[in-house]
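First, one chain by itself: the form predicted alone, in structure tokens.
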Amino acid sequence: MLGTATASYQVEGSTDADGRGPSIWDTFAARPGAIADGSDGSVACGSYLHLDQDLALLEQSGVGLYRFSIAWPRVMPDGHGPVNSAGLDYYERLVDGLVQRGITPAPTLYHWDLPQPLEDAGGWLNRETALRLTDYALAVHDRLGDRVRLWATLNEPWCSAFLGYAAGVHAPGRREGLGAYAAAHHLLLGHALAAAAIREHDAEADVGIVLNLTVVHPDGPGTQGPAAFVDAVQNRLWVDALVDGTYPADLLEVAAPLRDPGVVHPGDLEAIRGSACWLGVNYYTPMRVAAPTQTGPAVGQDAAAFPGAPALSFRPRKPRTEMGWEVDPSGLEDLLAGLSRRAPSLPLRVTENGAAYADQARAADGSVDDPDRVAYLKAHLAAVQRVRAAGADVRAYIAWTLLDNFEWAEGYTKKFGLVEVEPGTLRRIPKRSFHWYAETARAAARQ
């Protein structure tokens, strides 16, 4: 099944509407210098006010699945306690609109916009946040569970833990060093508890988790050890816990919080093991770990995002996207094949894949002509088809993203969308890639 995706803070705007409370991204974006262009998500794509336009775009796109996220601060402004029914009304209209158009709704419960009051109480460094995720998940399921079968608990907990609490380049912008491993554990625990609670209320719910996984290559003499450490933090930390109920032995030597019984309570890892009915894979680029004396453009990863790592740097090869990320479809094929061997009974979905390009070329009608994005998507979709043909249980490919949007710390300077959003008017203008993807999705649906 082909689909496309968005995330609440990146597209909705209306951050003070209908009882929504502040999130950590509202707070972080207000910090001088935190966002590349000084912007925030208060307007974004205006999807909260332009729902009908977005639903029409989705219908036009031909996709069979739409992955979106629900804003925790809209549902529980304080992170716990009374449910804000007005906030859930928007998602009910969205789900109903998708179902009426024959599009499968695939909500993600947490895509980084933690209610600020929970961060004030310690955020993901506080075990209580994992418990509050369960309360929130059940509130959402109570409203939408009769129409939603496919759920994801978390999006990219690696980013939440290590970009947010180690490197400090994402909200909440903290630099806790090795302490960030406590956040990683609490995120996994929160996923496990929320997934179990949903399934207890709804045995037919298909609950998974979305990870940003990749292939890690040592690049040069002396880089085997650093590459193995990066792989442990980026990939094995999450997959080992979900599949085996363990943390990597080489990581435990460094990550003291993962050995701390005050963080990892008895029974935690048993609860995490087997807690995902399916695994979402977000893939954009491989990681090439170079010796620290070898310089090269960053790939969006800061060495501080791998606390306790030996000295390392990253050196992507060409061609690269506007994010500086190496384009390598074979990495996606290798990643999916490896996961299929690692956990053959765990269904996979490619939940994000896409590319940022400058989008400077225009067609005769004034719309963006983006053959580079078409080529990127086509090559990665072909990689998915190859690994499926080889026997991997990959059930969806979801392009990131439907709309040009607020690209986190990059603000509005990077464009991943299949659809341009005109500044000021917020008019939606489909790009060449949108029309190509729509044709591809319709052809896939006919097969």
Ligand code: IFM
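These figures come from a predicted structure and were not determined experimentally. The first residue of the shown sequence is 1; numbering continues from there.
Keep in mind that the form predicted together with this ligand is not shown, yet the notes after this line are about it.
In the predicted bound form, Asn235 touching this ligand (heavy atom, 4.5 Å): Heavy-atom contact with this ligand at 4.5 Å: absent for Asn235.
Exercise: Gln10 in contact with this ligand in the predicted bound form, heavy atom 4.5 Å: It does: once this ligand is placed as it appears in the predicted bound form, Gln10 has a heavy atom within 4.5 Å of it.
4.5 angstroms heavy atom contact with this ligand in the predicted bound form for Phe416: Residue-level check for Phe416: yes, a contact with this ligand.
Non-hydrogen atom contact Arg132 with this ligand in the predicted bound form at 4.5 angstroms: Residue-level check for Arg132: no, no contact with this ligand.
Site test, Asn155, Glu352 and Glu407 vs this ligand in the predicted bound form, non-hydrogen atom cutoff 4.5 Å: Every residue of the spot touches this ligand in the predicted bound form.
Heavy atom within 4.5 Å of this ligand in the predicted bound form - the one residue of Tyr91, Tyr136, Phe314, Trp325 that qualifies: For this set of options, the contacting one is Trp325.
Position in contact with this ligand when the complex is considered in the predicted bound form, options Tyr357, Phe229, Trp112, Tyr376, heavy atoms within 4.5 Å: Of Tyr357, Phe229, Trp112, Tyr376, the residue with a heavy atom within 4.5 Å of this ligand in the predicted bound form is Trp112.
Stretch in contact in the predicted bound form with this ligand, which is absent here, among 122-130, 242-250, 155-163, 172-180 (heavy atoms within 4.5 Å): This holds for exactly one stretch, 155-163.
Stretch 374-400: residues contacting this ligand in the predicted bound form, 4.5 Å heavy atom cut-off: Just Trp400.
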